[in-house]
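Before any questions on binding or motion, here is one chain by itself as structure tokens, the form predicted on its own.
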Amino acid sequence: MFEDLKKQVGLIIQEHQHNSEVAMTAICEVLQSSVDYYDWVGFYFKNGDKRELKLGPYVGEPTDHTVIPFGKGICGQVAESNQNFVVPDVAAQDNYIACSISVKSEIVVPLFKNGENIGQIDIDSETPDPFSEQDERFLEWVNQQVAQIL
């Protein structure tokens, strides 16, 4: 599955290399429609010099979490740790910001440009504990592709 998705993401990056917003939206759409446990897919980016993340392109249910302070929730923790964060059960997390009561698990992978953590891809799932190391490696690859057009 991920090999096919890599081809699709590669084509999107090629086609929209001069419009990163369009490319990222298309990537979110492809990921959400192709992986049955990717229910909400979006990008967050560092908001200038502020210690906060700002919501970028996404697909899925609308969210109130358009700005997330560093350290808050899973996304805010990844902004500080620079590490992938896989949450098999969001109910077991103390520092979790609920986007929807139907979300059961989450994966957040930082996006680096020139060695700096500038953002992240965030995926919510309504399936308990669906994310594997394959998801992590694939999403790291997606972020490397996106970084090339930012």
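Residue numbers run from 1 along the displayed sequence. Not measured: the values here are computed from a predicted model.
The following text describes the form predicted together with methionine sulfoxide (SME), which does not appear among the structures shown.
- Although the partner is absent from the chain shown here, I74, I97 and D122 each have a heavy atom within 4.5 Å of methionine sulfoxide (SME) in the predicted bound form.
- Within this chain, I68 lines the site of methionine sulfoxide (SME) in the predicted bound form, having a heavy atom no more than 4.5 Å away.
- Although the partner is absent here, D39 is not a contact residue: none of its heavy atoms lies within 4.5 angstroms of methionine sulfoxide (SME) in the predicted bound form.
- Of the heavy atoms in T63, some are within 4.5 Å of methionine sulfoxide (SME) in the predicted bound form.
- In the predicted bound form, methionine sulfoxide (SME) lies beyond 4.5 angstroms of every heavy atom of every residue of 5 to 26.
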